[in-house]
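Next up: just one chain, as structure tokens, the form predicted on its own.
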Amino acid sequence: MTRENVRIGLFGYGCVGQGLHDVLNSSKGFKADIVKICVKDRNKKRRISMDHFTYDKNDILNDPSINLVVELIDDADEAFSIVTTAIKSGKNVVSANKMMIAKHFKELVDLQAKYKVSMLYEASAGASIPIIRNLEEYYDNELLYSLRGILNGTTNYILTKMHNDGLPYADALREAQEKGFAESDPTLDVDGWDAKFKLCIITGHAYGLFLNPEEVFHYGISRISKFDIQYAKEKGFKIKLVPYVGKTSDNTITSFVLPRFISSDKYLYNVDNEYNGVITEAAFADKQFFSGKGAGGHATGSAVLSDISANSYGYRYEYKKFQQGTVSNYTRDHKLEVYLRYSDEKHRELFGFEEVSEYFSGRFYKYVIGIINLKNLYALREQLRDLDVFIVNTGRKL
């Protein structure tokens, strides 16, 4: 297959942009030219000559010699404007912006088809883990039962430090920020938004449904306490933030993001610090496990480089599960067993437990383990932000 000469217009030169630059320069088997880099901060010192930079996006978007736009900025709205303009101009795109893709997924798929261009975004879902390409190529005709995993390196780092080193949540978060694994405003990570956006992208390739992120329940780790960590350790568990999508019937799926108890015999138990891990369960391939770094410029940059290389060969996603149309419904009518730590009895009553298998009431903490319906959690999603509670999926199959 003929390889096209790649001339890149790069948007963003932060952690991932610089990581891409490093891995591209270190690559022995693939070369590409970064023609121009667009950034917004005119006063920030850069590590390379300012001759490479522009502050006007049109210097890239209107340059006919640039045939690939690589978008690595953190502004989802501006990213969408850049990407759609590039696509309509006939330029291929590589992106790592999970919020932008998740919020506009179906529109971006339609635009690719209309303008006959390719948009690749492996780095948006699992950083260094090539999960999208595997879903597209290996699982294209596989009966996929479920997919779950750790998709956020920031929360995994925090939970690891709390479990292994006994750090309080605030101290673990501060350390993650100092190491560059968490933003100064960590809300998207610790409250589960980032993991949900990635899950929505994965769902499009795994099952062919392009879900509105607002339809998917998510709950993060910002309310976790040392009591929850201690309970997990006494029971032989670690707590991980685990997005899940899976079939409830032949043509229906459900999905959610929740902290989960992981026992020592499970794949995800030893996925610590900033690493990610993904588990697929399927009819023929059975259970498979993917693991790799989930944060950091070089890890994410390696996935971006892989997409750039694939683009040079003319590769594009075919959205095979969407074309097959075998999954057509989405439901939140799904029962889960959860651990709920709370302080006020009236808060417990909000969850509508159908069964209770374990209950504890102490001087400072109370908890209950029992079965609830996902649709009840979804109905409570706004209230949960203000309640002194913490929820963990026990992982037990019902």
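Residue numbers here begin at 1 and follow the sequence given. Quick caveat: nothing in here was measured; it's all calculated off a predicted structure.
The same protein also has a form predicted together with a further copy of the same chain, omitted here; what follows describes it.
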Can residue 271 be called a contact residue for a further copy of the same chain in the model of the complex at 4.5 Å between heavy atoms?
-> yes
Just to confirm, residue 299 within 4.5 Å of a further copy of the same chain in the model of the complex by heavy atoms?
-> yes
Within a 4.5 Å heavy atom cut-off, is residue 26 in contact with a further copy of the same chain in the model of the complex?
-> yes
Is there a non-hydrogen atom of residue 161 within 4.5 angstroms of a non-hydrogen atom of a further copy of the same chain in the model of the complex?
-> no
Heavy atoms, 4.5 Å, a further copy of the same chain in the model of the complex: which of 189 to 197, 217 to 225, 309 to 317, 167 to 175 makes the cut? Say which one.
-> 309 to 317
Proximity to a further copy of the same chain in the model of the complex, single hit among 212, 326, 230, 81 (heavy atom within 4.5 Å) | 326
Proximity to a further copy of the same chain in the model of the complex, single hit among 288, 85, 252, 112 (heavy atom within 4.5 Å) = 288
Even though a further copy of the same chain is not shown here, does it sit in the model of the complex so that 41, 54 and 56 each have a heavy atom within 4.5 Å?
-> no
